[in-house]
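Only one chain is shown below, in structure tokens, and it's the form predicted on its own.
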Amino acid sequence: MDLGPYLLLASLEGAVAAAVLALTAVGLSLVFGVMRVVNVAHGEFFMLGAVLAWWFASLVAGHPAFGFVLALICAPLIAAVIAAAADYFVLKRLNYDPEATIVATIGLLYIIQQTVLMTYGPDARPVEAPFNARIYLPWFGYSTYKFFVIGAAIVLLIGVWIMLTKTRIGLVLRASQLDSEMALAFGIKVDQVYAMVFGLGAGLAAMAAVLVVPIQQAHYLMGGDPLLLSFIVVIIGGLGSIAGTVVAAILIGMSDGIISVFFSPTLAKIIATLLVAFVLIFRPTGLFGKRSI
């Protein structure tokens, strides 16, 4: 195969990786942007979404599309409810202190991980795609499901953007982000806003996992890479910047896909980490971050 087909294949794989990464990282960025909480357990909500997708797929008989649709609806909701409960019972009690919440979310990481290990087991398990026809390009065939993942991620990200910029919910979120005390003075229940945001961030991560698990496999340790890459994306894009997060996710996801195809996934992670170092040196606030006054 010539260079052109390899480059096209690598670009398509990179686009899939970027779509999943953008969904996952936007959830992390949203939590930090509104709550100023670094959610170290974010990757475990991703893993939880994949495991729940496998559970729903195995629960529903018949065509795999039925179980997939059920997982696509229920898995993010379950992850969001668990995250909102964790916010209410743990983070709220810590008054969202930055250092304390990092330790608390590390504890949450191990609780979720070990609970899944005890109930789901240590084995990686596949989830059948709801459809898997192939589109035949000039050099090779490519899965229609992977195109669906890209399209679904774009639709979801546009939905998040519309919610944040065009709705009353988005206005309340932005008010709580800019000045929580003033928001309280105007009658906004900031505690409820924080619980909703923490749940939304976890739900987006779980949604990304449901989309990608037919391509990968569900495993109780699969949250590590999404967490690392999401932190890299959020740092490069700018802490709390949704637009910067999406741009950085496309940059990291595409480069990860291309480098992984031509060289190795390990080299892709090394280059991404070096890119973070350069961004922190030359632009500490990230590509789209704003300097504090």
Partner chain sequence: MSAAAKSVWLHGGVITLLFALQFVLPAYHHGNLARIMVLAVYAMGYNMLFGYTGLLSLGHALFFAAGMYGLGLTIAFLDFAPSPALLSGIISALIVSAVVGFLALRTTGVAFMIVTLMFAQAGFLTILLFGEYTRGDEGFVIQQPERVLAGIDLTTPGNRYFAALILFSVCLIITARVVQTPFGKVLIAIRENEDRARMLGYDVLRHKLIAVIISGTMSGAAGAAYALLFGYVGASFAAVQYSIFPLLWVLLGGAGTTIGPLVGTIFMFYLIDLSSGLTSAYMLIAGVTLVLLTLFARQGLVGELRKRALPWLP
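It should be emphasised that the depicted structure is a prediction, and the values quoted were computed from it without experimental measurement. Numbering follows the first chain given and starts at 1.
The same protein has a further form, the form predicted in complex with its partner chain, not shown here; the description that follows concerns it.
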- Considering its partner chain in the predicted bound form, find the one stretch among 155-163, 111-119, 73-81, 168-176 with heavy atoms no farther than 4.5 Å from it. 111-119
- Message: So in the predicted bound form, is its partner chain close enough to Val276 to count as touching (4.5 Å, heavy atoms)?
- Response: yes
- Query: Does its partner chain come within 4.5 Å of any heavy atom of Phe231 in the predicted bound form?
  - Reply: yes
- Message: Quick check on Ala104: any heavy atom within 4.5 Å of its partner chain in the predicted bound form?
- Response: yes
- Message: I'd like to check something about Lys189: if you look in the predicted bound form, is any of its heavy atoms closer than or equal to 4.5 Å to a heavy atom of its partner chain?
- Response: no
